[in-house]
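Okay, here we've got a single chain as structure tokens, the form predicted on its own, with questions on binding and movement later.
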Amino acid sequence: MHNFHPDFLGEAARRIALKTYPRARQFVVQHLYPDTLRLLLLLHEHVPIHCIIGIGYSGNDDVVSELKAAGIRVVTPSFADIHTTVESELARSLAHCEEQQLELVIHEVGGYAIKALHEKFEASIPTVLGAIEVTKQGVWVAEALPILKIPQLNCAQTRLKEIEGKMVGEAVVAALDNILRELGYAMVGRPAAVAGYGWVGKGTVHSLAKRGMHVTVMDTDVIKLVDAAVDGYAIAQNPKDIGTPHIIIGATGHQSIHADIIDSLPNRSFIVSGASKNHETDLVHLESITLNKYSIHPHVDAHEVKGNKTLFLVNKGYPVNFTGSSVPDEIVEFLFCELIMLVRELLDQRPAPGIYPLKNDLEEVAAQIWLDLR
């Protein structure tokens, strides 16, 4: 498998002349898949990794084994325990760096460690050189901090990330389509609703439409609703206007399938997340109205709810695209090329506290590498 893929990441490290940084250590919170394995093993050669926390709703046992074989500490908590695990392991990494007079780099998806650092370990902030972040969710976490006391460099606000977002939308629909086919269910000709018309939401909507579904778009941003309308989709500013969708997908990064929407869904609707974590659906409300629950598929639970109807929750509210291969590795890897560049920028430039997207000229280098090697 490793020989099949062009060495996008190695070429990125060579073109930017990534150095080794023996006086720095990485604290990593990541999804653990083969593409991430290649990234982490490469970065470990340049900036040794002190600890990796695998995100609980994603991962691969073989990847964990290979990381451990490389001498890296790997912790794989359940998603319910990720916050407490990040806190305890971050304390351990900070103590190690302080004892050895090393600098710590946070490398994460989702903003877990940057939040824990500011809320629980303020005295150790001088030990942390900064953070690199892959997701918008992590950028939002940093933006929400009262005072951001370290730099956060990200590839979540770049043009290549927008391209990847479209592919995530396709992966959401492809994974859902596979599940529904296994249940003997056809998408074509049925109504669907999608909450969110950002990068992932737009890709999701287009992919549903290509499969013959009649899609209504919900969004709190009226500009995005105009965009959806111009693209030819029905729009809904109010939950009561979504009609009777057979499938509803949340793709906002926040809770979007609220209690009132859940209550209005018709019998035998599928509730799906197309964003990170399990934020999109009001799972507490769904459980509160559930009278009986049973599995109809390894990734689908039937909830018999008040009102004499059954709702189908996909992947327990976690992203449906994590039930399969999600986005192809070579798409993710142009973002990982960007992340490698962020590591060099952080360690060499040492920016002041703040939020910094990857510079345009460096993003163009990552794009050129991808074109050259593909």
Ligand SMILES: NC(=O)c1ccc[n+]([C@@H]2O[C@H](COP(=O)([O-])OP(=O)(O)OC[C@H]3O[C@@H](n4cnc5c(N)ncnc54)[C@H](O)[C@@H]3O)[C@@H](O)[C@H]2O)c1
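For every residue, the number given is its place in the sequence shown, counted from 1. All values derive from a computational prediction rather than experimental measurement.
The form predicted together with the ligand is left out here; the points below concern that form.
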In the predicted complex, does Asp221 come within 4.5 Å of the ligand, counting heavy atoms only? yes
Using a 4.5 angstroms cut-off on non-hydrogen atoms, would Phe312 count as touching the ligand in the predicted complex? no
4.5 angstroms heavy atom contact with the ligand in the predicted complex for Lys136: yes
With the partner left out of view, is Gly198 within 4.5 angstroms of the ligand in the predicted complex by any non-hydrogen atom? yes
Candidate from Pro151, Pro239, Gly253, Pro245 lying within 4.5 Å of the ligand in the predicted complex - any heavy atom: Gly253
Phe121, Tyr185, Phe79, Trp140: which sits within 4.5 Å of the ligand in the predicted complex by any heavy atom? Trp140
Contact stretch among 70-78, 226-234, 272-280, 208-216 - heavy atom within 4.5 Å of the ligand in the predicted complex: 272-280
